[in-house]
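First, one chain by itself in structure tokens, the form predicted on its own.
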């Protein structure tokens, strides 16, 4: 199954189970959302798909109010870069209401994020770390290693306001099967599971920890080292980014590389590295360079983490 189809099925399950609502710009027919996740849904569920003007603050506030009233609501931000516009609604409203009134809020804010498509500085960022340290908000990142629709349903059922980080490049991709050409997939029993991909029958030499849109790149890195260097790379994929408690216990090696698409400094990778250090695991971070993301392909590749960057880092650390 493709990532997009899984996600669409998750949205439909919320509507059919809870009479939930989808809110966002251009999510109705004929457009069906910037990345076509909601295509056809406004014809199927005309009363549950709410198209909005270009006002992220306004329609996110609407979603917060509806969730506070007990409705199940998914808000779509057209590009993840625009989550800066909803900071007040999420940080000072959704997170605080849930805590102050001891009320479950079934609210998920979906935000297509990431680069590699030449969209330029204001449509290519991975800004989810802005929300990771905020009490009362959980940050969840589906990937091709997980079931995006299932993760969405777990997030909406949790009753915790959620930022749901979808990578733009993943929508047309097939989900990884339980057993691949050269690896086995293991999934933990956590509500938002940790997925490990390990070379079949081999003890890993180093762990590559990542999430979201960096999973396909990580699989290519694993394949390269297995076939070209006879080094066994274990990939650990996290889906719950804002809670690392206990998750580093799944690391099987004493060396790790932490890979994220966003800027490495002051981010998710820093927290992962800190947790690893408490377990005596040496780690190195890889992320985007600290500058705006250009639209020209070659220039964009100089800013965002690339295959060669990961290969060089692992070779150095080994």
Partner chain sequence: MNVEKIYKECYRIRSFEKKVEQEFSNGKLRGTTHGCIGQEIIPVLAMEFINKETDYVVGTHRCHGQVLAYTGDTYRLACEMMGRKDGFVKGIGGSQHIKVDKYLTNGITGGMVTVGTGIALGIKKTAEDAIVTSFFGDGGFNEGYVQESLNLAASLELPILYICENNHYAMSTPTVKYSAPDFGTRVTSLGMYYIMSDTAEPQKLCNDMEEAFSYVRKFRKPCVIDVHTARLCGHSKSDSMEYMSNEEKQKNIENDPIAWLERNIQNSARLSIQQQIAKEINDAFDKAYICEEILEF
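Positions refer to the first chain, counted from 1. Just so it is clear, the model here is predicted, and its values are computed rather than measured.
As for the form predicted together with its partner chain, it is not shown, yet the points below apply to it.
From the list 168-176, 218-226, 181-189, 98-106, the contact stretch for its partner chain in the model of the complex under a 4.5 Å heavy atom rule is 98-106. Of the heavy atoms in residue 56, some are within 4.5 Å of its partner chain in the model of the complex. Of the heavy atoms in residue 69, some are within 4.5 Å of its partner chain in the model of the complex. The closest heavy atom approach of residue 281 to its partner chain in the model of the complex falls outside 4.5 Å. Contact annotation for residue 263: none of its heavy atoms lies within 4.5 Å of its partner chain in the model of the complex. This chain is drawn without its partner chain; in the model of the complex, the residue among 256, 41, 259, 64 with a heavy atom within 4.5 Å of it is 64.
The single contact residue among 113, 196, 89, 207, judged by any heavy atom lying within 4.5 Å of its partner chain in the model of the complex, is 89.
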